[in-house]
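Next comes just one chain, in structure tokens: the form predicted alone.
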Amino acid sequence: MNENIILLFYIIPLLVGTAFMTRAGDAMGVSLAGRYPTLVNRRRRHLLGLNIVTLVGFAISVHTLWITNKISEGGEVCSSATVFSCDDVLGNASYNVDPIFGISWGLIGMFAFGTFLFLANSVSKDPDARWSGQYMKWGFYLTASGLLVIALLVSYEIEMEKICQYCTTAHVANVIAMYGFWRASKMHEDGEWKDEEPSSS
């Protein structure tokens, strides 16, 4: 199967997760409330969206690590003569590992998104815990620090004049997760964190 088509299997749930964290999620929550009653609550929808986004980021990181390993074995995954070529980016030995420890960026992404997913899922399981607000802040700080890594990786792509579609999708997932953690933290601080009371009608 074409790698760009496979990428859609990441992009579509990423868009769904993002929608749950925005006003578009209100209508989605109402339409799904019959089957999933908790989705009538904004907090629950937001946390579901955040979990989906961080899970997608983790899955893409696994995929990029697989591509890197496949290329190191002499295979081709998504090489292209166009500007979009994850093989050229992930197969470049000078740039496909971090400059300090020499760890694959895909593996670093796995650990990063695994941490984000842990924070989001922990709060989802017990949103009223005393530590939930702190977890959301940690998630925001960690995803915000990821912007520095993204800037470095984008500079590599500019230098190579190639774009890795999977890497870019992972970068977008990080930015969306950063918004998700920030918004959840804001909801917590502004007293919007409680689930809405069901209407008595």
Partner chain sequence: MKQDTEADVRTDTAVKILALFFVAIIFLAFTTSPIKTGTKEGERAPPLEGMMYNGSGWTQFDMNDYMTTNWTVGDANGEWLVVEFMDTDCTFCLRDADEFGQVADYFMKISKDADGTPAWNGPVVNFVASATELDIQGHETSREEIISFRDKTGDSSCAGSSCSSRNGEPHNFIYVDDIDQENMQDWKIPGTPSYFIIQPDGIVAWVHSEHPQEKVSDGLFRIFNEQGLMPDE
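As the structure is a prediction and not an experimental result, all values here were calculated from the model. Numbering follows the first chain given and starts at 1.
What comes next is about the form predicted together with the partner chain, which is not displayed.
Proximity of V172 to the partner chain in the predicted bound form falls outside the 4.5 Å heavy atom cutoff.
At a distance threshold of 4.5 angstroms between non-hydrogen atoms, L48 is out of contact with the partner chain in the predicted bound form. Heavy atoms of W66 reach within 4.5 Å of the partner chain in the predicted bound form, making it an interface residue.
Within 4.5 Å of some heavy atom of the partner chain in the predicted bound form lies at least one heavy atom of F58.
Annotation: in the predicted bound form, residues S72, K125 and R130 each come within 4.5 Å of the partner chain through at least one heavy atom.
Residues from 105-140 that approach the partner chain in the predicted bound form with a non-hydrogen atom closer than or equal to 4.5 Å are L107, M110, F111, G114, L117, F118, N121, S122, K125, D126, A129, R130, W131, Y135, in the order they occur in the chain.
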